[in-house]
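Only one chain comes next, encoded as structure tokens, the form predicted on its own.
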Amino acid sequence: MAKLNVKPTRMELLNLKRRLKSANRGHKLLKDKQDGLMQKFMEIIREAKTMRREVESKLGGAFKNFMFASSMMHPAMLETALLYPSATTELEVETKNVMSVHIPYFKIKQEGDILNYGYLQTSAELDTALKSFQDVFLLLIKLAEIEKQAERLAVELETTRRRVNALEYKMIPDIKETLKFISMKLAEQERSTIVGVMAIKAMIEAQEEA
């Protein structure tokens, strides 16, 4: 704790009391925000953890399917089949405000067919492999969305935590310490004034008696 550099006057005492009231109110609001952010952050982390396991599993399966399809076809035919893709994907990003945090949401728009090759020189295994990659691609986009949300929340959570700590361990204790100091100074001044008044009164009474 450190005493603020202010004059020990009644006006400063009133100002500091108002500041302390505002600081306590702000601390409560930020603490509630911190708790809400933490709850939302943990929900997203659990969702991301579950989805990451699903993505890793399906991605591994997609690669296995593709390796199997590659072994069933001549390399030149495989390259020719995949040389001119006709499917397109567009990604749109929208944001929503969640407790002053702009959370991104991804929207995917796909057109065309990934199976744009002839079926005479390709195997059914290649169809299966490409469709499995298409499925896991959508999951990857969703996982990226969730992890970006977690990143934004983590930044805001750390900022809020610092503000809460600054109020709780620095600003509020400093104001309280300064209030205590000013109150003591004003009490001393009041006692000094009373003693002075009593001394003057005693002198007047002594003069009257004389």
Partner chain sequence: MNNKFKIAIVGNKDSILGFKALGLDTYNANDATEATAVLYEIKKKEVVDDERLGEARPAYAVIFIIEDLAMKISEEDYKNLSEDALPAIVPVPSPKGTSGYGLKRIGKMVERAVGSDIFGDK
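Positions refer to the first chain, counted from 1. Keep in mind that what you see is a predicted model, and the values were worked out from it rather than measured. Between two forms, the rigid core is defined as the largest C-alpha subset superposing within 1.5 Å.
What comes next is about the form predicted together with its partner chain, which is not displayed.
Contact annotation for K33: none of its heavy atoms lies within 4.5 Å of its partner chain in the predicted complex. Contact annotation: R52 falls within 4.5 Å of its partner chain in the predicted complex, judged by heavy atom distances. In the predicted complex, its partner chain lies within 4.5 Å of some heavy atom of F63. Taking non-hydrogen atoms only, R163 never approaches its partner chain to within 4.5 angstroms in the predicted complex. Only one segment in the set 181-189, 23-31, 168-176, 44-52 has residues whose heavy atoms sit within 4.5 Å of its partner chain in the predicted complex; it is 44-52. Contacts with its partner chain in the predicted complex, taken as any heavy atom within 4.5 Å, map within 145-170 to E147, K148, A150, E151, R152, A154, V155, L157, E158, R161.
Residue displacement note: M67 has its CA displaced by at least 2 Å between this form and the one not shown (rigid core superposed). In this overlay on the rigid core, M77 has a C-alpha that sits 2 Å or more away from its partner position between this form and the one not shown.
In the core-superposed comparison between this form and the one not shown, the C-alpha atom of A129 has shifted by at least 2 angstroms.
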